[in-house]
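In structure tokens, one chain follows: the form predicted on its own.
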Amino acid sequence: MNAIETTGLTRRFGQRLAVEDLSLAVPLGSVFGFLGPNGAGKTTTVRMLCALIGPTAGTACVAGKRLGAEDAAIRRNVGILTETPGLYDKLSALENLRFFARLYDLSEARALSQAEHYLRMLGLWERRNDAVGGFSKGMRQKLAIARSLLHDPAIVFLDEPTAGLDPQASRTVRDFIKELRAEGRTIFLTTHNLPEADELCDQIGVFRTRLLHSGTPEQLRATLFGRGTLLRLAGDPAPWRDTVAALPFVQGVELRDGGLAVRLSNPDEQNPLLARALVAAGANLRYMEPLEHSLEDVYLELVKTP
């Protein structure tokens, strides 16, 4: 079952095309990473999916509700953390959450229960009575995340949740996102932190006005770069490049990181053949390791200008 489904979702602002023909499916209970450069249309997409603005064309279903026909129901079922969340500096953390809980029509008892739950989870309970104006950026960000969850939304949209945070605060937020996923919530995450996306996301969509590619991080790596093995040899690996390239099952070989990066269609079956061929040729093979590409490699390959 999918938490979010879109078909041909499009948004224009006058003559400017902000989102073009977006069709995607986000499984229920997953973390979906929505990656793209500034100005790519990510925020416009989130605003449409949260029923804050309407599409120019196309359809969407969010939390089982149809965009355009059930917008109020969509807004009740989603939580959103914007890139620059607004909080009331003169109010305490608890007062902020109680105020926003009233906007969600939560009872006072429910508001206090939810506020305590999330303030404790995010390490802010001891500061609940302090004015937010004295909070650090990380504390404000965590409070804004708590605010987005007060009404127990099934889907949470997080726009750059760790931007500008120190490593400790970033880790707290990432661990919290994992807890939300474990509870069965669906997380729609926009971020420029690619290691963070690699760590958290079940699926990733790379977006620049239109969806360029989507899949698991592993699928994206395999689609763009294939699979392979990094060979570590004693001494200079360069003299052995031609030997490896001549093997019939090798799809490509290059020098990388002081070793030989070998592209293979099936490393599990071909690594033993590769090792035997090198040893037979007289090479001193130290060890082999999977050839890995970072999510940054994938992202830059997909968004680069043709």
Partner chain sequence: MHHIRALLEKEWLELRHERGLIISTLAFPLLLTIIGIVAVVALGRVPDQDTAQLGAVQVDPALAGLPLEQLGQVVVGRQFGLLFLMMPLFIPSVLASYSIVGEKTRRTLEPLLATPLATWELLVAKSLAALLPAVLLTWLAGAIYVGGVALAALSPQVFGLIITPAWLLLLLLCGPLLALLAVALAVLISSRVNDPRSAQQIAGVVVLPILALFFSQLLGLVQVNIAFVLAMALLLLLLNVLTLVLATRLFQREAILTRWT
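Positions refer to the first chain, counted from 1. Just so it is clear, the model here is predicted, and its values are computed rather than measured.
We do not show the form predicted together with the partner chain, though everything after this point is about it.
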Just one of 172 to 180, 196 to 204, 115 to 123, 78 to 86 has residues with a heavy atom within 4.5 Å of the partner chain in the model of the complex, so point it out. 78 to 86
Single option in A261, A51, A63, L274 placed near the partner chain in the model of the complex, where near means a heavy atom within 4.5 Å: A51
Should A109 be counted as a contact of the partner chain in the model of the complex, where contact means heavy atoms within 4.5 Å? no
Would you classify D166 as touching the partner chain in the model of the complex, given a 4.5 Å non-hydrogen atom cut-off? no
Quick one: does H293 come within 4.5 Å of the partner chain in the model of the complex, counting heavy atoms only? no
Taking the partner chain as it sits in the model of the complex, is F135 near enough to touch it, meaning that at least one heavy atom pair lies within 4.5 angstroms? no
Between 269 to 287 and the partner chain in the model of the complex, list the residues on our side with a heavy atom within 4.5 Å. none
